[in-house]
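Quick heads-up: it's one chain on its own, the form predicted alone, in structure tokens.
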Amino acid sequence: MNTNSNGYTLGFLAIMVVVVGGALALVSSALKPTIDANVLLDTRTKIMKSLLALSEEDESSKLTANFVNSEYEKNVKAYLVDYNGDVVEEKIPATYDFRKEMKDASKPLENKLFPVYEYTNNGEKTYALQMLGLGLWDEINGYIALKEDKKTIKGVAFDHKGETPGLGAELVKYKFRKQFFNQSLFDTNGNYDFVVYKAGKLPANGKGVDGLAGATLTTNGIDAMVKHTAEIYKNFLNK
């Protein structure tokens, strides 16, 4: 066999592609259950973080995998509502994808479905609503939890794909998120009345949140995302 020929080289490369590709496919298949479990845990952790609005210390110590999964499975009812605010699915189907639903330009807002995570604790209900927006570089997202009156913010959890470390990426930090706690999204007449201000522009003793320093576009994205969430869920919130 002439190991210096082009045919030998191409044949060797073809065998390596098949062998390495097959090995990677097997590894991917073997790891899929673990990956899916981690993705599910991450989603539940964000939901519970918004619903519980714990202190910074308690977030670190209490939100373990066991606690999150146990509390979610015992006390959270997840369902889909339509634009009119009516429950159309008692459980969220595994095939439902909020991101795809929101980005589907062919479907009018009035035909879209929205997830609600209803948490019951000592007879009191809290509702976590999913959010999706745009930061400086890419998508920002999260959950905003409202108390039983469906107006007062219980807690929030944010995430992002590519905001700047130390600036826009600070949206995930407790120091920023805690500003939302116990503020109302609406005025006494039921009109939307909440602003995430540019850093340093929060009125003295005013309502709203002081934005992220050095991250005006991310701050604007958070403000728009919260407002859009209140809009798409408005009929559910008014029920």
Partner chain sequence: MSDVNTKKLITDPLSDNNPITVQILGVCSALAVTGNIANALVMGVAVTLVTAFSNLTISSLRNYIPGRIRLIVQLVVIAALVTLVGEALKAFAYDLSKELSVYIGLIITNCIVMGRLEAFAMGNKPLPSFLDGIGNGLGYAAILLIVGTIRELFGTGSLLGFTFFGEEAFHNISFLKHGFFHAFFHNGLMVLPIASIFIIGIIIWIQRSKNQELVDIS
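Residue numbers count along the first chain shown, from 1. Since the structure is predicted, the reported quantities are computational estimates derived from the model, not experimental observations. Here the rigid core means the biggest group of C-alpha atoms that line up within 1.5 Å when the two forms are laid on top of each other.
Heads up, the form predicted together with its partner chain isn't pictured, but that's what we're talking about next.
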Quiz prompt | Touches its partner chain in the predicted complex: residue 201 (any heavy atom, 4.5 Å) | solution = no
Practice problem: Using a 4.5 Å heavy atom cut-off, state whether residue 35 contacts its partner chain in the predicted complex. | Solution: yes
Exercise. Evaluate residue 93 for contact with its partner chain in the predicted complex, applying a 4.5 angstroms cut-off between non-hydrogen atoms, and reply yes or no.
Key: no
Exercise. Considering only heavy atoms, tell me if residue 113 and its partner chain come within 4.5 Å of each other in the predicted complex.
Key: no
Quiz item: Just one stretch in 186 to 194, 59 to 67, 167 to 175, 204 to 212 has heavy atoms within 4.5 Å of its partner chain in the predicted complex, so which one is it?
Solution: 167 to 175
Quiz item: Out of 5 to 27, which residues reach within 4.5 Å of its partner chain in the predicted complex, heavy atoms considered?
Solution: 5, 6, 8, 9, 12, 13, 16, 20, 24, 27
Quiz item: Any chance the CA of residue 10 moves 2 angstroms or more between this form and the one not shown, core superposed?
Solution: yes
